[in-house]
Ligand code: HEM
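Given as structure tokens, the chain that follows is alone and in the form predicted alone.
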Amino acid sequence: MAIFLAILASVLVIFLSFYLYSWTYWLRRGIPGPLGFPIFGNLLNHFHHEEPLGLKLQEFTKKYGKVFGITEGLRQTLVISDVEMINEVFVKQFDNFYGRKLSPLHGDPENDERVSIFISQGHRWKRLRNLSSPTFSSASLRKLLGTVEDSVFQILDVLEKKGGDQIDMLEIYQEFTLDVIGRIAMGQEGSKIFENPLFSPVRQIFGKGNRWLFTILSVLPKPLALMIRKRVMQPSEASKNPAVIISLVIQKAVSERIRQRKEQGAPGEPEDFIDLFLDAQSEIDIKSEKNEEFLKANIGKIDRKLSMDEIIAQCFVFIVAGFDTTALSLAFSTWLLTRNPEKMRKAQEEIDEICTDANISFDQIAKLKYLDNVAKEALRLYPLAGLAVSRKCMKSTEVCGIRIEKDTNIQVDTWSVHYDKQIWGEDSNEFRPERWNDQQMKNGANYLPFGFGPRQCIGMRLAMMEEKLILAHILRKFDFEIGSKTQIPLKLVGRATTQPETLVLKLRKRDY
């Protein structure tokens, strides 16, 4: 019995020592930062839906400076808002930081069969990126415009029918963006606005939810965490996990498309993302890819090959990302125009002058410079996906005098960068679309709503096209106004993204 107790005590001491060593990593390095709690570190900040993590990091930056460290379970993360460091990590030393900061919930980017462009790294990421990029070219967007505009017209019908009622514009925009991405990614036939079975599970991913699984996996050793994650994400018709539900829907759609193509043959041109990816499908051994030897300068020709699981993963990430971020960007642009009616009038004057037909062309969208400024300024003031601006150190290196060890995560405090008065001036807290008329436009490491460097968001141009198109159509017919149910000031919530708790507004038909 004594021997057993001694062994148990030794195991407990080793266990506690291991977590204590991890918890005090930045303290031992002499880098400031909030300690958080033993074992968990700063993980508990991820729990607060009512207090977005992006805003919490902004508070920490004010207290600890532009470079500080946090621990998230067993992960060490260096949080930065120094522009020189951001440029060094995301561009100049991309070869050392080509991975993204991931949680155990994302799985294993090296060995999992179902890996998306968002979490992949090395040559696998390069292959997925090159394959997907043509979908978001100007030529492809021109072809997609008619489909996007049809969804806009469906939304306009809804707004017309609601008349002078106060409307939840965030929900309207979410219905719109899911409809668009469903049609161009999944081959959805016709509009399913307010009838889309995927709406609820996709929305759940970004809702309050329960973070217990994320917390448990974050404090467990990686092999054990990945094993549990694989079990939880196992495909099952009985699963209530929204990610599993969405994946099963996609899997059925891909399988059905494969059946159709066997019977009818492949279309001349890809009709949606599924066709695009199926044209590149083949069985591959993902473990044969030398991701650890990835060098930006040494990438030559790549194999245009995708496995069935990778096809499902690409469709999944495009649906989820295309739903939330664009809808939130629209919501914040709408809110800022509502609170600044003189800016709204200026945008409407531009739209009235350029968009004279019932339909709005691709070239007309490109000419809406002020509306473009509005969207950019909204994303500066509300960098809704700031937590995605991150990297993982793949090889130990030094950045701006700080030694960064392999596997350390880098998280950019995007909110602090976007509100930095040294970059944006004393009016950095103000909504001023005109600031984007400056020929020396703020960009690069100063402006990060879509990330920065080679891994910048691939869907950026599609998102901007969607946003400008629907705003132009709505603003041609309506004015946004404050209503009795409008939340003032706007309360921000969320974890993965930062979102308004509610955005209920009045739409009044314009007096010409």
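This is a predicted model, so every value here is computed, not measured. Quick note: we count residues from 1 along the sequence shown, nothing fancier.
Not on display, but discussed next: the form predicted in complex with ligand HEM.
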property: His106, Pro109 and Leu217 each touching ligand HEM in the model of the complex (heavy atom, 4.5 Å); result: no
property: Answer range among 345 to 353, 389 to 397, 149 to 157, 251 to 259 for contact with ligand HEM, defined in the model of the complex as heavy atoms within 4.5 Å; result: 389 to 397
property: Distance check, Leu475 to ligand HEM in the model of the complex, heavy atom within 4.5 Å; result: no
property: Residue contact check: Phe199 to ligand HEM in the model of the complex, 4.5 Å heavy atom; result: no
property: Contact flag, Leu462 vs ligand HEM in the model of the complex, heavy atom cut 4.5 Å; result: yes
property: Interface membership of Phe118, ligand HEM in the model of the complex, 4.5 Å heavy atom rule; result: yes
property: Residue among Val417, Ile86, Ile181, Ile312 with a heavy atom within 4.5 Å of ligand HEM in the model of the complex; result: Ile181
property: Phe136, Phe431, Trp436, Phe362 - the one with a heavy atom within 4.5 Å of ligand HEM in the model of the complex; result: Phe136
property: Residues within 4.5 Å of ligand HEM in the model of the complex, restricted to 450 to 464 and counted by heavy atom; result: Phe450, Gly451, Phe452, Arg455, Gln456, Cys457, Ile458, Gly459, Leu462, Ala463
